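Before any questions on how it binds or moves, here is one chain, the form predicted on its own, in structure tokens.
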């Protein structure tokens, strides 16, 4: 079935998780993504945790729907092949420091000379300009500099980092949106490519906006929570934890009635959020004691009937077995690897041009001959000579060597 980006060729020169996620999304919606990696393998292949066969689980996820070519971008002997690939690329994604990008002759002006109208997407910790442009970073520094760490965790403890690769996923999604926006612009302005500049710290700060704006309006920092109670997050129930939203008057009335706290349900003062905030010590303990006697899914089902927004905290096993996700066909396997791992599915659905997981994550250099052999003027003898000279590589050794 046709996909939204079927006619797009993407060259992935990035080394970051954010860049890999951006190009994964492009591939999910049909783009032909060619990932260049050193002959020893992309650095994400050495990222923990690892599958039983030694392969990086994060890499298996973000490198799906791509073809892999083993060729060092910075090897001058590979320059003719790199330029041939660039001449066929509609989009180039990279994560070099700005100065290094220009030194390699891969800035947007240089790429435009090879491929007029090309879209270059740079996803870096601090962007292409400003005093921090050349400073390295990662998810931890993005959460720290972007504000999130200042509100994560309890007030009596040190600030907390965000979970897993959330800053990178946000930056990768921003890169995807920027590229699609630039493609739409180019459709209406033929030949006009753009340089999409994504700074991971800015993506973190922009999604930090509610807490940031609250601090600006009140002229004081948004505080970290003093205690874990119903007003601040999930609380214990009989078989786990449960989050109950009480932002609207009818949420409050119906939830309190279900919990048997009729005095709280019937007193209209409690319907106002500001009143509950100021008098939280009068109800929090009572509500949590009533919730503690419920099992989380039974409580969720009863609240759902009453149209009260609530969320049971699912374990990993419960999430995978969730019937709602199964009914929507969320879980997927790569079409070329039906016995392989199960992947989370589409971030959004497009019925006419759907998301699809066509390719498993490639082995290092798995598609070197396939991709390079299709370039103009590149025949088998030349490829063999390049292989013998160590300019390009094929699929490297066993997966367990990925940790080396």
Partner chain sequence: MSGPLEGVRGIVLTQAWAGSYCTQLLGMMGADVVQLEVRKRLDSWRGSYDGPMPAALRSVPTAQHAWNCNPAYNSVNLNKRTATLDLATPEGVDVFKRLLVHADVVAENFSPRVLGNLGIGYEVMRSVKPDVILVSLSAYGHTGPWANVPGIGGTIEPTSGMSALLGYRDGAPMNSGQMYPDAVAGLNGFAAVLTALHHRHRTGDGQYIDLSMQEANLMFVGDAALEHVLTGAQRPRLGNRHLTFAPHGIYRCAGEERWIAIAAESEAQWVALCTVAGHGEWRADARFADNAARKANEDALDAAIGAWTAGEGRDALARRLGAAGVFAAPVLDGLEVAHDPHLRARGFIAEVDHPEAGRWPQSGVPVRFSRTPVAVTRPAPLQGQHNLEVFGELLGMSGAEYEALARRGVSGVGPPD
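Quantities reported herein were computed from a predicted structural model and do not represent experimental measurements. Numbering follows the first chain given and starts at 1.
The following text describes the form predicted in complex with the partner chain, which does not appear among the structures shown.
S.K.: Though only this chain appears here, would residue 320 touch the partner chain in the predicted bound form if you measure heavy atom gaps against 4.5 Å?
M.R.: Yes, contact at 4.5 Å.
S.K.: Check whether residue 289 has any heavy atom within 4.5 Å of a heavy atom of the partner chain in the predicted bound form, and answer yes or no.
M.R.: Residue-level check for residue 289: no, no contact with the partner chain.
S.K.: Contact with the partner chain in the predicted bound form for residue 205, defined as at least one heavy atom pair within 4.5 Å: yes or no?
M.R.: Yes, contact at 4.5 Å.
S.K.: Given that the partner chain is not shown alongside this chain, does residue 377 nevertheless sit within 4.5 Å of it in the predicted bound form, heavy atom to heavy atom?
M.R.: No, residue 377 is distant from the partner.
S.K.: Identify, from the list 270, 96, 294, 165, the residue with a heavy atom within 4.5 Å of the partner chain in the predicted bound form.
M.R.: Answer to the contact question: 165.
S.K.: Among the candidate residues 265, 182, 258, 73, which is the single one with a non-hydrogen atom no more than 4.5 Å from the partner chain in the predicted bound form?
M.R.: Selected option: 182.
S.K.: Please determine, with the chain shown alone, which of 33-41, 65-73, 369-377, 346-354 has non-hydrogen atoms within 4.5 Å of the partner chain in the predicted bound form.
M.R.: Only one stretch passes the 4.5 Å heavy-atom test: 346-354.
S.K.: Even though the chain is shown alone, can you say which residues of 106-142 have a heavy atom within 4.5 Å of the partner chain in the predicted bound form?
M.R.: Result: 126, 127, 128, 129, 130, 131, 132, 133, 135, 136, 137, 138, 140, 141.
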